[in-house]
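A single chain comes next, written as structure tokens; it is the form predicted alone.
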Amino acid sequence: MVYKILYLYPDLLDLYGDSGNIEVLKYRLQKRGIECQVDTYSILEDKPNFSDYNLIFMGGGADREQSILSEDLVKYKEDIISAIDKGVFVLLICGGFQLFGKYYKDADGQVIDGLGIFDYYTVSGGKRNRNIGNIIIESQIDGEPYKVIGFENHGGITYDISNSFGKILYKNPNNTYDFEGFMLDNVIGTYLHGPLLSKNPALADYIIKIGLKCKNKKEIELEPLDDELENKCRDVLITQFL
């Protein structure tokens, strides 16, 4: 069994350790004896077969990086929609999250077109008005409530989200919103950096499980891992913040 990951634009979108999400997934797969294959794609490279993967990943980037790659990404809109429809998991962090919406308007008023796969859109809150700090949200992971711990650092404010990633339980004072991110069964878009999956092993396993299901056409039971240390760290952070 091979779990195949397509990492989009790693040379442009890797703020705040986002590539660490790939390392967490590789580790958890390999501990279970599942081979992990990571392919990358960036501008001017050969077109990938998006539907051939278990997971498509995009990290975060600044406004400049988003404007550089947006015209390239839109060429693959229909291929990405087809992959999502077939059950391929898509994990989008910050800039990647924004680019799957209608558009992003930066602090100078420049509009960067997104894929428009989802109906949300993002507007900069201004160069000095950023949401920065630790954050905890309560999400539903595999049908169970789960506290997702992360770190946010973004100036964009995303509107018209139909299905949020979760309700915010703890946030920095500048963040005035009650819900964070976007989630469908096989899509998560979020502003949580850190990397996200290092603090949330159950979320990492959910992504693995759904990604495997799309290729094997059946539920896959994952062998439990010893997450005692990870969960102790989570307990400390949750107690400290909440």
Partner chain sequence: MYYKIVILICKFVYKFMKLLGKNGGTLPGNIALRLNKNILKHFNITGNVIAVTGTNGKTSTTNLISNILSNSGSVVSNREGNNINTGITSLLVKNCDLSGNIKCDYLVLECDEHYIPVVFKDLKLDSFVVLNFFRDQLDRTGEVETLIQKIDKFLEGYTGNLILNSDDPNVSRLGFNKSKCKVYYYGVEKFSGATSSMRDRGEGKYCPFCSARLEYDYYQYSHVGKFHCPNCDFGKNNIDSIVSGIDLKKGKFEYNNKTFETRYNTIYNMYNVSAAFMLSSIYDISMDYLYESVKGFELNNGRLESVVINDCPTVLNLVKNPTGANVTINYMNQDDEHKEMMFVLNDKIADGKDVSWIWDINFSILNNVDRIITSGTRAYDMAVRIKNSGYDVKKIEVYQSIDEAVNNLYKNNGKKYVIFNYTATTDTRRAVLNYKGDKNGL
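Positions refer to the first chain, counted from 1. A quick note: this is a predicted structure, and the numbers were derived from the prediction, not measured.
Heads up, the form predicted together with the partner chain isn't pictured, but that's what we're talking about next.
Of Y76, Y103, F151, Y146, the one that lies within 4.5 Å of the partner chain in the predicted bound form (heavy atoms): After the contact test, the surviving option is F151.
Contact residue in the predicted bound form, chosen from S42, S70, S51, Q37 - any heavy atom within 4.5 Å of the partner chain: Filtering the options by heavy-atom distance leaves S42.
Heavy atom of Y27 within 4.5 Å of the partner chain in the predicted bound form: Yes, Y27 sits close enough to the partner chain in the predicted bound form that at least one of its heavy atoms falls within 4.5 Å.
4.5 Å heavy atom contact, L222 to the partner chain in the predicted bound form: No.
In the predicted bound form, K218 touching the partner chain (heavy atom, 4.5 Å): Flag for K218 set to no.
4.5 Å heavy atom contact, I238 and the partner chain in the predicted bound form: Flag for I238 set to no.
In the predicted bound form, segment of 129-137, 113-121, 160-168, 78-86 with a heavy atom within 4.5 Å of the partner chain: Stretch with heavy atoms near the partner: 129-137.
Contact test, all of G96, D185 and L203, partner the partner chain in the predicted bound form, heavy atom 4.5 Å: No, the whole trio is out of contact, none within 4.5 Å by any heavy atom.
Contact set, 195-211 vs the partner chain in the predicted bound form - heavy atom within 4.5 angstroms: Contacting residues: P195, S198, K199.
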